[in-house]
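Given next, in structure tokens, is a single chain: the form predicted on its own.
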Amino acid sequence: MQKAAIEKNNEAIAAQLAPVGRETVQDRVYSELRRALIGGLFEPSQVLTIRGLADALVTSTMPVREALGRLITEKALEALPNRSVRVPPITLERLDDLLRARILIEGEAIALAAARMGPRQIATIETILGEWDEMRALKHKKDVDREVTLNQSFHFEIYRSCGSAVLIPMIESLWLQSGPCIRVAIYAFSEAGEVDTAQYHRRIVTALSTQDAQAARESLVADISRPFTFLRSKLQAAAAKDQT
């Protein structure tokens, strides 16, 4: 009797849930667009069309439409009236909001990680930093993609050591929204002649090696504040120029 009741309950649950299978086309499209946004492959204010993205991804429009809907919900994209979407533009308000959130969330994550990172994790981020130094020595502009990838790998290797399953998705969401801004900043730094951007990461490694949570947090804040402050200054200068 009890077995029959359990089976009936299982059937009722099964009727409400979709079978778990392999990753769907929608998931793959979403993952690829998400990767592109985090990596800054789309520029701020860039307009994206469903058909254009479907052609680029060699798929139909339906999975693209669904993926864009998810990204709009996550505030990574904005819906436009003509059924297209755009990457949110850079504004002073958006820069300040993103930076404030990243300092709070990522600062807490690195402080937690400072007490948990062992020799193996420290060695991993030192290896990433070594690859960064090798790449910067080449001084090729085409290495911006590599710089973005190494920067992400460096930070998330640290954040994964924080021990919080709640903080990581929040950080990923902030990076999803920050990606286009950060890439613009990288190009701007290059134009300004700044080459040793890894110095901020070296300070982070030093602090983590001694398990100094406060120094790690301060070094991280200096690192992630830099591109936002730079872009803020550029926006303010452009606004002042327009008023003259």
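Residues carry their position along the shown sequence, with the first being 1. Just so you know, these numbers come straight off a predicted model, no measurement behind them.
Omitted from view is the form predicted in complex with a further copy of the same chain, to which the following refers.
Contact check at 4.5 Å (heavy atoms) against a further copy of the same chain in the predicted bound form: all three of 69, 101 and 164 pass. Checked against a further copy of the same chain in the predicted bound form, the residues 135, 129, 170, 111 give one hit for a heavy atom within 4.5 Å, which is 170. The shortest heavy atom separation between residue 202 and a further copy of the same chain in the predicted bound form exceeds 4.5 Å. In the predicted bound form, a further copy of the same chain sits within 4.5 Å of a heavy atom belonging to residue 62. Although the partner is absent from this view, residue 73 contacts a further copy of the same chain in the predicted bound form, with a non-hydrogen atom inside 4.5 angstroms. At least one heavy atom of residue 24 is located within 4.5 Å of a further copy of the same chain in the predicted bound form.
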